[in-house]
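Encoded as structure tokens, the following chain is the form predicted alone, with no partner shown.
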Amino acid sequence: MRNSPRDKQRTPWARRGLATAAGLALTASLTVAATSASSAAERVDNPYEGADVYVNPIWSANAAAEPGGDAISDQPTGVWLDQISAIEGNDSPTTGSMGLREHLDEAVAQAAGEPMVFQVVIYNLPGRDCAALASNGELGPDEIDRYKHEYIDPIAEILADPAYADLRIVTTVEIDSLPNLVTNVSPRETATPECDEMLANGNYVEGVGYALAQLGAIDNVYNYVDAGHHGWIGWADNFSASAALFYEAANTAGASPDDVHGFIANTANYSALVEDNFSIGQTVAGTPVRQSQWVDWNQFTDELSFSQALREELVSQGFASDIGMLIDTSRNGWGGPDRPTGPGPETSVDAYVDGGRYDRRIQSGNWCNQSGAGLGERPQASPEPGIDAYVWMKPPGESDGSSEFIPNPEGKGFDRMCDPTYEGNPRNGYNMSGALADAPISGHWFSAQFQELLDNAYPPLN
């Protein structure tokens, strides 16, 4: 069984002594050695178990340059390929000039012959992020052929290089895509014309299927499909429909469910891992917790319960019984002096939930540079049954989007959800955005956010 529920076992990672210049100089000889190895890494149940995880030296340097940042600069984060040019290296302010091959060479150097996970985010669908402007991409809604042949095919060619056969390559496949076709299409109030177009042309499903097929054909690649988060698809009318759509995509464009090793929840989001001070089944002052303004009839209160339940739903829809889940905990710690130590008062269900919830966002639909957020659980393998790992797929300190329009050559627009003065839309219940001020465009370094994440980390930093 690849990822069957297991007894709780925590295996934290924190690499010390990142590759120095001398270590980088050894990359060429190490890759030659890897190429001549007698056999590739054996496929495993959980790629994170018994392995170290790649530390991106560019993110690590950015983190270490911040006051207090050296406390986490040795943590592993995902490498984001959010443009075609990122495959070769596009010298951006946050990713530098390292392309995919350079990152993989560095991963081989860091591995030094031991098991190593390399995390890469596949993120460049046509018409990307149809319900958000801050992270729009370079490809138009109909540019599926460019996506396949200028983006996915070159990535697959590099990942299949025998020089990297001993790495365990974990892909996060297209965040913020498929759930939009469930929640943000007509006739729902939350619909956008862009999401209606992507549902009609089928290019989200086609693109995800093609990525799964091409990447899944590589023996040491482990595909994890993005599955939103509990505050997005946790409602009954979204939950099963999303799982069914994931299964459809896994049977499209040459893909099969066998190309899916698992799913990832909460990528780049802020939803709390657990909420200890209230539960779905409770009734307070005569009103069920589900009816509270915060929970708003959702079936779940946090990412752990959502992820474990979604795993079972996915299996019921046709995925293998041994799929595993990842949870991104990079920004969902919600610590600091305002972290509740117990439930709120029982005078009303809203007072009870609001007084006890760790997640301090104004509304669970808020997603951009959230004020008061903190680092969450450190990356670790096998933390809970059915969960392959807690990961930091979103590198802490990289912005979700600009607070105002900033001209840029990356195709990224201005989304009012990143404006701290914005009073909301149907997707966040017409609440304030809760975003930090003075943010740069998405993916660029945001020092003020990084400092908040350090200050509000939970578990606290040592």
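The model shown is predicted, which means the values in this text are computed figures rather than measured ones. The numbering used is simple: start at 1 and walk along the sequence shown.
Beyond what is shown, the protein has a form predicted in complex with a small molecule; the following relates to that form.
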property	result
Residues W80, R128 and P395 all lining the small molecule in the predicted bound form, heavy atom within 4.5 Å	yes
Which of 429-437, 48-56, 414-422, 395-403 lines the interface with the small molecule in the predicted bound form (heavy atom within 4.5 Å)	395-403
Contact test in the predicted bound form: Y390 vs the small molecule, heavy atoms, 4.5 Å	no
4.5 Å heavy atom contact, S135 to the small molecule in the predicted bound form	yes
Distance check, Y204 to the small molecule in the predicted bound form, heavy atom within 4.5 Å	no
4.5 Å heavy atom contact, Y123 and the small molecule in the predicted bound form	yes
